[in-house]
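Shown here is one chain on its own, the form predicted alone, set out as structure tokens.
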Amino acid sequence: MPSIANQLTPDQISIIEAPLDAKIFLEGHAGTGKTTVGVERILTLLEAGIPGNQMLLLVPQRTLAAPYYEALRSPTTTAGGAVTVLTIGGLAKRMVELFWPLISAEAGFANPNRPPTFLTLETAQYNMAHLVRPLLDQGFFESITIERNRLYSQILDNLSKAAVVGFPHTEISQKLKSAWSGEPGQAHIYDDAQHCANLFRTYCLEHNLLDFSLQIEVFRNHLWPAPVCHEYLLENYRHLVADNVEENAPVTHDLLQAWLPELESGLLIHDLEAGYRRFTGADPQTMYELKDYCDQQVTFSESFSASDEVLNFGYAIAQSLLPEDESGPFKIDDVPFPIHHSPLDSTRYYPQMLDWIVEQIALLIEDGVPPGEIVVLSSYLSDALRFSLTERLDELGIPTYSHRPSRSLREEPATQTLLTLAALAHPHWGLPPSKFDLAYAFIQAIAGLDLVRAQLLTDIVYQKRNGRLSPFDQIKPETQERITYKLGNLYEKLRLWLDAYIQEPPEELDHFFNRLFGEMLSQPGFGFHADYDAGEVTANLIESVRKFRWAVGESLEAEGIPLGKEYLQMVDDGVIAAQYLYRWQTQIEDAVFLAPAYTFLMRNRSVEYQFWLDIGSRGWYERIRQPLTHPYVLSRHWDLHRPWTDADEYDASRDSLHRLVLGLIRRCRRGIFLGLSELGEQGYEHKGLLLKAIDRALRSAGKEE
């Protein structure tokens, strides 16, 4: 029996110790011990002698497998082979790699005898940009204003939706136009998007390129139906645990429906009232059909992560978000709401609200609450907000860490420094950095160099016309003293290193970054020394360049285009490194966590206290504007003959906020602090649905503060 048996409930133990051929559908709200059961079930199967390589753990996002990884890596875990942990994308990629010779011709690839190239999101955007940029010059998408990298990503998103929902990619425009309720002339942008999607798919087939959507389609249409692939999967994976099935797309649910009857055992775990990844195609509705393929259906209701007081508050808000004809009378227990909110009379302005939040965090820590048990959540975590919070908390000696999946790698100071120095080290590219960029790079690269002295140094030593740096000893002595000889010596070391590199044959860009970091920037006296964040960003950038080289290096070489130059130009256009390489596994054990609310939910962990910033903001529930795609219309459940109206948008916003609130509440053990300012971060007054719901809940309960 697992080591934590004495902490488990009888309901949990009954599932963990179920017969080895049991197929169970387990559901319950967040915090009811479902994932614990999934972990212990796998450990029990291992103890029963089932080889780990016959087990598959299927998750919608690798972050959600963290508890399983932790348990399987424990030295006390029974040996028996490695359990396979995959997402549907990982499974598709693995099968395409393995059976490529069998299906490449059938799937329509022009060079079936050549190996495939798998595209990352970055390299997919690059290839999309290569195809679409000439069309933009011809007038495509002229009626909308959108950044180019967002345009490319939304076309790719349409292709992904078609793949995971299960309709031909050639029908994207038809679906989007059928739901369009705006000006008729504007609908032509969907035809433009369709043309670009078709062009990209043809290009991929001609060059053996597989983006995420094509990997899924090849797996779904050609590999899964093939007897040899089908038999391979059944022979290798006899036992399945699928966690957070509600966050998966219909193609995954279709696969599980066909797979479950032939498996020896299965455990499907469903988080009630979740489905936070709808923007990626998650579909809780198709998930429910999986119940019929399981012998047992079990529901957990006891919460282990949230107090009754917190749940009481959450249910009151959630009920107030329901339509009037559905909410009914409030049923609220006679217990205090564990909430605290900023006093509106003293937090009219956004910075005042931040001051109040930091003050409350400091008081909690003084009372003995570990910083790691506190999270600060917002609808979006802008650079300005992140900086403001970290600076305030740093002044009090309170450690913080943050994570924003949408943060661009190119926005990181370390990335900008590396790219600027790369341009300086490759003058033949003809991309001399500006004096501003170089001064900024000097500040980051040389420890202790401030802005004034960095600008002074740059103005004197940098010759933009030839992109060269002059020696420090050629500067007037009085100016040398002003800059200081210590900093001048570090500058000279960096200059000599760059000058020596220029004299050599140029290396691949990822090799250059590796050398620059290891030989210079990470050394004592330089800015990346002992800076783990800068080291991580450098590693991410090197990985990004390496994958870019693998994907397009051969074609660029054939055209005589330097890969490094092309990479820098694509970064500047916002195409390459547009998506931050995830730092989900990076976590400081005892530090306050700053993140967007949905990011916190997808970490699936509970804390003692939560701070909700700017609860009047509409960002808590409004979708980001995406003029070329639509997650609700591109689903299996939308009626093609019905337009998407403002009422539909309102209902969808209210539903997403309802799920968000319950998800946050169920991951909070002791209390919530509500940050409210009369004027938001941009200086505008707003009173969104969340603020109104909280106000209605308090009034209905007679607990106004």
Partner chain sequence: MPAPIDKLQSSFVFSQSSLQDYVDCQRRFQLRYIQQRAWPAVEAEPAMDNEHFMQRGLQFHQMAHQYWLGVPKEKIAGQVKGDKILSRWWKNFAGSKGFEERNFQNQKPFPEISLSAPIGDFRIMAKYDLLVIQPEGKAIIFDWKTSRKRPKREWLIHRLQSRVYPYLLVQAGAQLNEGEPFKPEQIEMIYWYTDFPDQLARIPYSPKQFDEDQAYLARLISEIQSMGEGEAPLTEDERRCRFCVYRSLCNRGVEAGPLEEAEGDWEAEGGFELELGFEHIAEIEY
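The term rigid core refers to the most C-alpha atoms you can superpose between the two forms while keeping them within 1.5 Å. Residue numbers count along the first chain shown, from 1. What you see is a predicted model, and the numbers here were worked out from it, not measured in a lab.
We do not show the form predicted together with the partner chain, though everything after this point is about it.
I have Asn53, Ser522 and His529 flagged as a candidate spot, so tell me whether each of them has a non-hydrogen atom within 4.5 Å of the partner chain in the predicted complex.
Yes.
Just give me the single entry in Gly535, Gly108, Gly372, Pro432 that has a non-hydrogen atom within 4.5 angstroms of the partner chain in the predicted complex.
The residue from Gly535, Gly108, Gly372, Pro432 that makes the contact is Gly535.
Quick one: of Ala558, Leu234, Ala82, Ala500, which gets a non-hydrogen atom within 4.5 angstroms of the partner chain in the predicted complex?
Selected option: Ala82.
According to a 4.5 angstroms non-hydrogen atom cut-off, is Pro134 in contact with the partner chain in the predicted complex?
No.
Does the partner chain come within 4.5 Å of any heavy atom of Arg670 in the predicted complex?
Result no; Arg670 lies far from the partner chain in the predicted complex.
I'd like to know if Gly139 sits close to the partner chain in the predicted complex, meaning any non-hydrogen atom pair within 4.5 angstroms.
Looking in the predicted complex, residue contacts with the partner chain do not include Gly139, since no heavy atom lies within 4.5 Å.
Quick one: is Arg515 in contact with the partner chain in the predicted complex, heavy atoms, 4.5 Å cut-off?
Residue-level check for Arg515: yes, a contact with the partner chain.
Quick one: which of 561 to 569, 91 to 99, 161 to 169, 275 to 283 gets within 4.5 Å of the partner chain in the predicted complex, going by heavy atoms?
In the other structure, the partner sits against 91 to 99.
Would you mind checking 65 to 94 for residues with a heavy atom within 4.5 Å of the partner chain in the predicted complex?
Ala65, Tyr69, Leu72, Arg73, Ser74, Pro75, Thr77, Thr78, Ala79, Gly80, Gly81, Ala82, Val83, Thr84, Val85, Leu86, Thr87, Gly90, Arg94 sit within 4.5 Å of the partner.
Could you check whether the CA atom of Leu233 moves 2 Å or more between the shown form and the other one, using the rigid core for the fit?
No.
On a rigid core superposition, would Phe528 pass a 2 Å threshold for CA movement between the shown form and the other one?
Yes.
Tell me, please, whether between the shown form and the other one the C-alpha of Thr120 is shifted by 2 Å or more, with the rigid core used for superposition.
Comparing the forms between the shown form and the other one, which are aligned on their rigid core, Thr120 does not shift its C-alpha by 2 Å or more.
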